[in-house]
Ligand SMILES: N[C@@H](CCC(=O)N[C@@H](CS)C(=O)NCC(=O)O)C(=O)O
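Here you get one chain, nothing else, as structure tokens; it is the form predicted alone.
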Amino acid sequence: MIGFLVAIALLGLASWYLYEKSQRKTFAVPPGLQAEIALPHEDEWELYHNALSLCSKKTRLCMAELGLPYRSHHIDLVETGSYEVLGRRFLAVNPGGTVPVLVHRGHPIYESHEQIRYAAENAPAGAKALIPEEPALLSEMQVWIDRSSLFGDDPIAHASESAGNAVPGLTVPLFAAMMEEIPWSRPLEGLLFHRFKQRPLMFLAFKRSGIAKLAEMGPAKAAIQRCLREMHRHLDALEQQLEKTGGPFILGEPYTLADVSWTVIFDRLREADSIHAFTGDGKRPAVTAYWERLRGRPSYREAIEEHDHPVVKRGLERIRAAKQKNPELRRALEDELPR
């Protein structure tokens, strides 16, 4: 009798999983405007985004600089409380299961580097120009956007190619600290439905270890160290660029989409309590001054500071407390250790 009941329960669970799986189909989506897709919408511009998401910050910042109002749809990630990106409602907006998604007149635009260019090119007359007209400057702007963009399913594998791909490794401490207060059921849901199983597996490992034991996790420590080295290299290049142009921004006088893209890199380093490893003790004075100018802009307050998430704040507090308690952890997270 017990065996029969167990079999019925297992059959029920299997049926539930297969049904849910059929309703949560995820697949890669092409970047850019999807003119053939029409989504329900109420406003001309709508944005599906997350407070923590690096790419969401970038798109919000661009919209703030352009003065473009939008209807906001905050979508939770596992780090901020739930796997809303894997829910049926959001997958109808983006089957790729990623944020942000910018929607213009009902048509979605995927990938933040495409979104900021689209918004800048389709802003109404009178909006700030974030794209230079001079071909040489336009080409140079794209180089610096590419060097700050996050791309690929395994970004850390391409950390040498862009600061955007190096920064996820430096976010590992924040992920580990935030996962301490996220229920086990959340990453387990990801294990069932996320198309890239390595992400929920990573979050399960962080949930088990927390920030305190991060230095003992060999793969995580190695990823952090690799990304530290690569971020130093990317910021050295940025220092040289700022010295060459004389600032105040990457291309010199004009504030462009390149500066939008780099602002969020610095902000993520701030959130993960590692910004001083790259700008402290007089290192990179041009980069340091540049970051201060970026964070002093009204758009930074509107797009980033006003979207601070309490779980992120508490995660930052845990990182600082753990590093103060454990100097070895601090060294692993901030110093380039001998290989």
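Just so we're clear, the structure is a prediction, and the values are computed from it rather than from any experiment. Sequential numbering from 1, following the sequence displayed.
Just so it is clear, the following notes concern the form predicted in complex with the ligand, a form of the same protein that is not shown.
In the predicted bound form, Ala159 stays away from the ligand, with no heavy atom inside 4.5 Å. Though the partner is left out of this view, His73 does not reach within 4.5 Å of the ligand in the predicted bound form, counting heavy atoms only. The shortest heavy atom separation between Arg186 and the ligand in the predicted bound form exceeds 4.5 Å. At a distance threshold of 4.5 angstroms between non-hydrogen atoms, Pro173 is out of contact with the ligand in the predicted bound form. Only one of 131-139, 93-101, 232-240, 257-265 places residue heavy atoms within 4.5 angstroms of the ligand in the predicted bound form, namely 93-101. A single residue from the set Ala119, Leu77, Ile224, Met179 has any heavy atom within 4.5 angstroms of the ligand in the predicted bound form; that residue is Leu77. Residue in contact with the ligand in the predicted bound form (any heavy atom within 4.5 Å), chosen from Ala215, Leu269, Leu150, Leu228: Leu150.
Looking at 44-71, the residues that come within 4.5 Å of the ligand in the predicted bound form, counting any heavy atom, are Ser53, Leu54, Cys55.
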